[in-house]
Every structure is written in C-alpha cells, then in structure tokens.
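Just the one chain here, laid out as structure tokens, in the form predicted on its own.
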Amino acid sequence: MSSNSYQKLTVRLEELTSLNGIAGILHWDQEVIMPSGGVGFRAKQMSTLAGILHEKSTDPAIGDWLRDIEGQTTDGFDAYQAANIREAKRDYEREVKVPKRLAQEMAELSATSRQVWVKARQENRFGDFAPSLKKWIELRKEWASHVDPEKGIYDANIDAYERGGSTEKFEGIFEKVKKELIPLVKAIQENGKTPSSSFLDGDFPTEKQKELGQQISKDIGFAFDKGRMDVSVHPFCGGSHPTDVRITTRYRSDNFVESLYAVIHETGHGLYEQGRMERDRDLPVSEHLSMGIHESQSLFWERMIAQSESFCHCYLPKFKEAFPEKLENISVRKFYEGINLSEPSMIRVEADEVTYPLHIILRFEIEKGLFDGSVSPDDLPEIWNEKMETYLGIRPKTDSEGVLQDIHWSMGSFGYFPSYTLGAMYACQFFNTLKMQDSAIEDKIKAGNFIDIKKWLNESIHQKGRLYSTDDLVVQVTGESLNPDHFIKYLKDKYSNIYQL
C-alpha cells in the first residue's frame, strides 16, 4: 500500500537528513577548528561519507516506494506529505543519474582544493589554483551532463541553487540592474560629497566586538541554546539541524563594523534555519526553498534592518559604550552615513550594497563563459581585472584581491553567486511588504523590538519550507513576482538622500 511505502520512504529521508547533518558538522569543523594537517584524512572522510550518502539516496528501494505511492491514489496525502514525495522524487531522479565515482570525486576535490585555494590566495599565485579550478569545471560539466542533459551546462548548475533559474532569466534581470547601477555608482563618485567614516577605523578590541555581536544576534532572535558563534576565514552559517545551527564571523581589530555586520548577516541565515516548521522537520518539506530565499533572510536583517537609520538610533549608544574613544561625539546621522558609505571595493564581501551587485554580475558573466567555452580558466585574472575596471572603475593589483578572493570555486559552487543579488532583491521586496502591513515597523526597530519582525518572517517564509515554488512564495508574500524595480528604487532613493544627488 502507498501509505506503507510512504512510511518507509520517510524513514529513509530522515536517515539521509542525519547523514547530511554529519557532513555539515565535518565541514564546520574543517573551517573552524580542524588542524591544517588533517586535510588529507578529512578528504577521505568526506569522500567515504559522500559514497554512503550516494548509495543510500540511490537505493532502488526508493524508486520502488515512489512508484508504489504514485500507483495509488494520492488523495490521502496532505500538502506536507505531497511536498515530501515531490522533493524525494526530484532528488532521487537526479541522484541515480550521478555515478558514485563522480560523487566521491567531487567530495574529495572539495576538501583538497579548498586548502590549495587558501595557500594560493595567501601567496598571490593563481597558477597554483588553476589546475583545481579546471578539474572542478570538468567535474561540474560531467555532473550536469548526467543530471539534466537537456538543460544547458551552466543552467543545470544554477538549478542546484536556484530551482527554475536560468542563464537567460538572470541575464535579463542583471542587465537591467547593471544599466541602472553603473551610472549610480559613477554619480556617487563624482558627486564630491563623501560622508565621513574615519571614526570606523581604529583599535577595536575583538573581545568587545564578540560581546556586541553575540548580544545583537540574541536581540534579533538567535537562540544560542540551539546554535553557536565561532571564527572562520570566510563567515558562514552551517551546522546539522535547526537545533544545532553554527554561525561564524571574522574579526579585524581596525574595523568593528565588518565583523558586526557579518554576524548580523549570518544570524539572518541562522534564524531561517531555527525558524523552520516543527512538523516534518527532518524531511524535505521543511528545508530552505532556494539559496536566493535563504540569502534574502540574511540581507533582510543586514541591510533592510541593521543598515537603517532606525537601527543606528537604537544601537549607537551601545556602540559608544563599547568604543567611547572613537564614537563618543558621533551623531546617529553621521554613523548611519558612515556605515552606508558607497565606494568601489576590490573585495566582494567588503562591498557596499550599491556596488555589490556589480561584483555578482561580474562573477555570473565569468561563470557563464567558463561553461560555454568563451572564457579560458588561464585568462581569468585578466578578464576579471578588465571587468572590474569597466563596472567599478578600479583594477586589482594582485590575484589575491581579484580572482582568488572567493572560496566558492574551490568548493565547486558554480551557479551560487547569482543568489546573493537575487536575495537582495527578495529582501527589499519582502521589507516593502512588511512596511505596508505594519506602519510601526520603523518605530519598533528604533526601540530594539524585533519580535514582530521575526514572527512575520517565521510565518511568511521560514515555516513555509518547500510547500511552494519560489515564484509562488514570493507572490504569496508580496502580491507579485520578483521585481527588480523595488531594489533599484530603494538604492536610488537611499543613496540620493545620503549623497544629495
């Protein structure tokens, strides 16, 4: 009977969730506390685990259970069960097409190439990382040819992060954004009015930064009995389960804002994970919908909330208490303008919200070229530098501040970058909707009252899991599909005000 098959299916899906959770903890351990000498054996561990996951996720019994379920009436299944069946079928049909050898090879390369990238970046030697990059491109092409031979290679990789996304769709969105933002960046630079931010540079003890970050993370709702905060080279949110969410940041003693906003950003991711539905929490229906939606939650808190003047009004007194020598005479308006300074930056993770999308568009265009053959990996440093000069008016002097700056390619995460700017657009559209529904939101932010905001996000997005498609969820929440005009207007209005354009 289909009901019995469904029970067997969910037992297997819960087992896969546990195994993936173990992989998540191994990844966190590698990034946070694993000794550098352990990378070789960790690569073997990840390869072994990938093999086990592949065997269990491609077990013919799963196909038998799914066929039995489909062969019976599905009227007895509710929306949650139907979503689990749909997601299980999609994953199974993709996984059985991928050879175990390829799954293990990708897992092992992910562990080893990360260390190669770290060393190459430290020594400014792109040539040392190029062989790993070429191998990743080769493997991701092979992977795409297995999982969806009818789809374009880069489209298949995009679909792993943004289901339903495509090169064509993103090109249309990004061309519109590029057309609007390049002139805005130029207008800001030529305006002559540059807000002061010198008070953000100095000596800020990391222990004070850690205390502030943890307090603000707790204030906006992160539950530390179900999560923790640590340090890593590249801030991220990981872990194994909504009850064990790991967020990380990195500290610079000469600038506390970078660490603080990294904490807020990763807390947004963490709140999504901790806020997932209680029912079927270990099953696919409860998992995040897409990386763009996940990124929208981090950027919602980082940009819509924490970079607002209302947030500065609330927290500047606490910042002054922690760092009185630098901030004692700084007004709310001056602090707000300082943290929203817009100027081209070599490093994506340090970029402001106006220039950031151009960093993403650059990477999207390069990845597209790597997979359609129009860009050679050996030419990447020069192509990267030329695009930086065209879009942002600056040119990297080293590969470390250019093509080697991101960790993503060392992990084989091609197609991931568009999610960052899609997330910024979703965040803006979500926040506009929230403001229309609750006219007191700004006052609540000023008062440090984030309960209603977190509750709205929990109910509107986090607890919806994968019940709906991304497009359907966005329409359900905001009344329309993704509309980049909201994002463009937000940036133009905010920065015209700050720079008096």
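When you see a residue number, it is the position in the sequence shown, counting from 1. Note that the coordinates shown come from a computational prediction; the quantities given were computed from them, not determined experimentally.
Quick note: we don't show the form predicted together with a further copy of the same chain, though the next part is all about it.
Comment: a further copy of the same chain is not present in this chain, but in the predicted complex one of Lys446, Arg42, His54, Lys464 has a heavy atom within 4.5 Å of it, namely Arg42. Interface residue among Asp493, Asp485, Glu14, Glu480 relative to a further copy of the same chain in the predicted complex, by the heavy atom within 4.5 Å criterion: Glu14. From the list 426-434, 387-395, 240-248, 112-120, the contact stretch for a further copy of the same chain in the predicted complex under a 4.5 Å heavy atom rule is 240-248.
Taking non-hydrogen atoms only, Pro60 never approaches a further copy of the same chain to within 4.5 angstroms in the predicted complex. Using a 4.5 angstroms threshold between heavy atoms, Glu459 stays clear of a further copy of the same chain in the predicted complex. Using a 4.5 angstroms limit between non-hydrogen atoms, Glu142 is distant from a further copy of the same chain in the predicted complex. Looking at Asp225, you'd find a heavy atom of it within 4.5 angstroms of a further copy of the same chain in the predicted complex. Applying a 4.5 Å heavy atom cutoff to a further copy of the same chain in the predicted complex picks out Glu14, Glu15, Thr17, Ser18, Leu19, Gly21, Ile22, Ile25, Leu26, Trp28, Asp29 from 14-29, in order along the sequence.
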